[in-house]
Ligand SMILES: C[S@@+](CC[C@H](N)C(=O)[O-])C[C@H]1O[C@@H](n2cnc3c(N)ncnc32)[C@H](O)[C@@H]1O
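Form predicted on its own, single chain, as C-alpha cells, below.
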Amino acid sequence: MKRRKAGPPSASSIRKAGDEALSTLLAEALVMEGSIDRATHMFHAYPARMHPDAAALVIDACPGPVHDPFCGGGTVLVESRLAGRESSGTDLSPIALLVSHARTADKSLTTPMRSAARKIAAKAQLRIDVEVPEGLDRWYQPHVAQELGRIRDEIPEYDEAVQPLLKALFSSIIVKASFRKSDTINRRETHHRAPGTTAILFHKKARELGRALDAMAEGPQPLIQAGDARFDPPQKDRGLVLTSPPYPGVYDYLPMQQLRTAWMSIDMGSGLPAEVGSRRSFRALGRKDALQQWRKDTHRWIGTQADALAPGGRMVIVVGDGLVGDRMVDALSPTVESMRAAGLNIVARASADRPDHARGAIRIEHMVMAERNGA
C-alpha cells in the first residue's frame, strides 16, 4: 500500500500564547507531518485535510462528544471513532460526505463491498460501449473513460446498503485515472494507462478499504449530514468542536470536484454560493468586499457552532492566512474576534510559519483553542 504524505510544508518557526500546557499541545499538533497509514486515512485523496495526529492529540485532550462543521474527508470523525468518542460532522460537499461515510463505515459492509467490487471490475473489462459525460473526453484516454463508465453503470445493480461504498471507491479513482495533475491542480498532463488497469484499480481500492475498515477499532458510528456551518448547529452539549474551515482565498473546494460531479451526476449548484472564503469570491467581488463577506461568514459559523458547546466545552480551529495575489489575508484576528463575540474565552493558541514555495512567500497557519464558561 502506497503511503501518502500528509500535512502542509514543514514549519520554519512556531509561536505560542496562552496556557502553557495547552499552547504546547496546539504547537505540537500544528507541526505534525508525514505519512499516516492507520485506519482509513489513506483511502481517497482529499485536499487540505487536518493531519490525523493533530486531530488525535486535540481529541484526547478535550473530553465529550466531538463535532466537525467542515468535516471534509472525515479526518476528525475517524480519529473520534478510534478514540471511542461520539462524533458528528457536516459539510456542503456531497463528495466530502461520501468520503466521510466511507472512511467510517460499519465493517459488516466490507465483505459485500469487496464481492461487488470484484464483479464490477470484471464487468468493466468487457468491451461494452457506454455513454461518457459530455466534456470529459479530453481528460481521459477513450478506453479509460469506457471502463469508468462501465463501473458507474454497474454500481446501481447492487444492494442499496453497499452502493455508497462502491460510489466512494469509484470517486477515489476518477482523478487518479485522468489526465488531471492532482486533486488540487487542474492542469492536464497526458499519460498512458493500459486497458483493464482502471477496473483493476477499482478492485484494488476495494480490498484496501476493506482491510482498513476491518482493522478499525469498534467505536460509535458518527452522525454525518449535509449542512451549512453558518446555520446548522450540531446536537447540544458538544464537548469539542474541532475543525479546519476553508482558508480565505486559497481553494474553490466544490468546483475542484468537477470530474467527480460530472461522472456521478451530482449538482453542486446550491452549495456553491454558501462556500466560505472561496478563491472565486475574491476574484468576483474584489479583495475588500470578499474579505468583508468572509469575516461575516466566519462570525456567523463560529457563533452557530459555539451555541452547541456544553459548559466547559472547547472549540479548536485550525486556520491559515490566505494569500490573494501577492497580499496576505489575516485569518487569525477575525477568528479570535468571532470566538470572543460568541462568548468563548481564548485559552491558548499556536502559529506556525510555513514556506509557500510556489509563490516564494511565507504563509502562517494557526491553531486556536477557546472554552465556553461554566463547570
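As the structure is a computational prediction, the values presented were derived from the model and not from experiment. In case it trips you up, residue 1 is the first one in the sequence shown, and so on.
This next part talks about the form predicted in complex with this ligand, which is not shown.
Student: Here the chain is shown alone; which of 210, 233, 149, 245 has a heavy atom within 4.5 Å of this ligand in the predicted complex?
Tutor: Checked against the cut-off, the match is 245.
Student: Considering non-hydrogen atoms and a 4.5 Å limit, which listed residue (50, 31, 62, 39) is close to this ligand in the predicted complex?
Tutor: Answer to the contact question: 50.
Student: Considering non-hydrogen atoms and a 4.5 Å limit, does this ligand approach residue 202 in the predicted complex?
Tutor: Looking in the predicted complex, residue contacts with this ligand do not include residue 202, since no heavy atom lies within 4.5 Å.
Student: Considering non-hydrogen atoms and a 4.5 Å limit, does this ligand approach residue 91 in the predicted complex?
Tutor: Although this ligand is absent here, residue 91 would touch it in the predicted complex, with heavy atoms inside 4.5 Å.
Student: Does any heavy atom of residue 253 come within 4.5 Å of a heavy atom of this ligand in the predicted complex?
Tutor: Within the cut-off, so yes.
Student: Residue 198: heavy atom within 4.5 Å of this ligand in the predicted complex?
Tutor: Outside the cut-off, so no.
Student: So which stretch, 63-71, 306-314, 344-352, 322-330, is the one near this ligand in the predicted complex (non-hydrogen atoms, 4.5 Å)?
Tutor: Among the candidates, contact is made by 63-71.
Student: In the predicted complex, does every one of 23, 79 and 367 come within 4.5 Å of this ligand, counting any heavy atom?
Tutor: No, the candidate spot makes no contact with this ligand.
Student: Who in 265-301 is close to this ligand in the predicted complex, meaning a heavy atom within 4.5 Å?
Tutor: Result: 274, 275, 276.
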